[in-house]
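The chain below stands alone and is given as structure tokens, in the form predicted on its own.
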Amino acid sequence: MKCRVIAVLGTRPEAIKLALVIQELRRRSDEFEIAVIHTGQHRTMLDSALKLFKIKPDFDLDVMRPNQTLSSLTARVLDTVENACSRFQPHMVLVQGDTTTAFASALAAYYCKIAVGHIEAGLRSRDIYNPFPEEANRRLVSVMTEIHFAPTALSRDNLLAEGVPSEKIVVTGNTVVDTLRALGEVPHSWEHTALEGIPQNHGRLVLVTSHRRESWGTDQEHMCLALKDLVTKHHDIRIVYPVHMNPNVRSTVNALLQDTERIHLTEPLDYITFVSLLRHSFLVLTDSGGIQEEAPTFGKPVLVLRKVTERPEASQFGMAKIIGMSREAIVREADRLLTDTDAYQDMSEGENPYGDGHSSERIVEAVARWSQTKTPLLEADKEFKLPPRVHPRRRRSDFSQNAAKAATAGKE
């Protein structure tokens, strides 16, 4: 009998990180029957990602409402996913990450007594309000999960420390690296996109994204003022800032940065255009968790506009630095990378510590073995291993400081 699997996605990051898992499940059609649920948590951005990967949802739940609260969104996802599970009768529901879609879908599966597979399990900041509500979502999903697909050994260790049995954890790497490897070399023109007219080869491009709830208001204002400081100080840079659709973000950013010379505010980008922008960028400033994972694939240093991160591996490898949202810190740290060649090179060299491009294959193989009651879920030598340190030139003291900061970030 085939293993029946539902994959649930509601936001663009979920589509990006589940796309190749869905493709691998479909490739092994003699073993699996797959249904895709689209909750519609982020309608426009998600639809463009699904089109890119040629994924047609089997269930489109359309849960979004204007000015909705987290509780009302959670209730609608819970109810509609439970109904879809009743219709499809899966053996396992796959959820990804830390969204409201992931949490509510896992709860719906639990209520139906269906096994949950949690992709990107075990990330922890240890502060339930940073990021909000994602940190709590991740922890709550873990309580209901049958198979924990931890992207790295650190994520596995977090789960073990919480009492998750080792036999229920598989270290897979992060599926976003699979996607980037598939798309990263695809030629892409900026014509007829939101980036049209922005010079690619005249000066250095600084990519900025900032949209998190905990940054709204004063922090976002400080970040915008810091960006103005940077273009005033560095006449060879252009800042490209795809502005999130949330009105709390757009009102602040547009008020402070609109019509500022060499700061390009764009509409949100489709994913392949975003990947092209990332490849052409010199430096990244972001509060996004996903971009922290994506940028190392292309050797782009990341300044993390947050107080803590649940993805410390890039900081431990010296490829990212957590700097917060103060105006002074943003200007100081960006200025260092824009002026110090050695500092920039130290942060731009090395393999991506989050994955090797085979995460989707590991996940599907583990689900297949689970459905056949085979143990272990994946042989130890087939799990993802962090790449070796590949920065022989980097000063050991610098690396130690970065690692210590990342390791203690959630305890401050």
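Quantities reported herein were computed from a predicted structural model and do not represent experimental measurements. The numbering used is simple: start at 1 and walk along the sequence shown.
One more form of this protein exists, namely the form predicted together with uridine-5'-diphosphate; it is left out here, but the text below deals with it.
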item: Stretch in contact, per heavy atom within 4.5 angstroms of uridine-5'-diphosphate in the predicted bound form, of 104-112, 291-299, 147-155, 252-260; value: 291-299
item: Single option in 221, 333, 270, 127 placed near uridine-5'-diphosphate in the predicted bound form, where near means a heavy atom within 4.5 Å; value: 270
item: Close approach of residue 16 to uridine-5'-diphosphate in the predicted bound form, 4.5 Å, heavy atom; value: yes
item: In the predicted bound form, residue 212 touching uridine-5'-diphosphate (heavy atom, 4.5 Å); value: yes
item: Contact label in the predicted bound form: residue 242 to uridine-5'-diphosphate, heavy atom within 4.5 Å; value: yes
item: Contact flag, residue 274 vs uridine-5'-diphosphate in the predicted bound form, heavy atom cut 4.5 Å; value: yes
item: Contact set, 159-175 vs uridine-5'-diphosphate in the predicted bound form - heavy atom within 4.5 angstroms; value: none
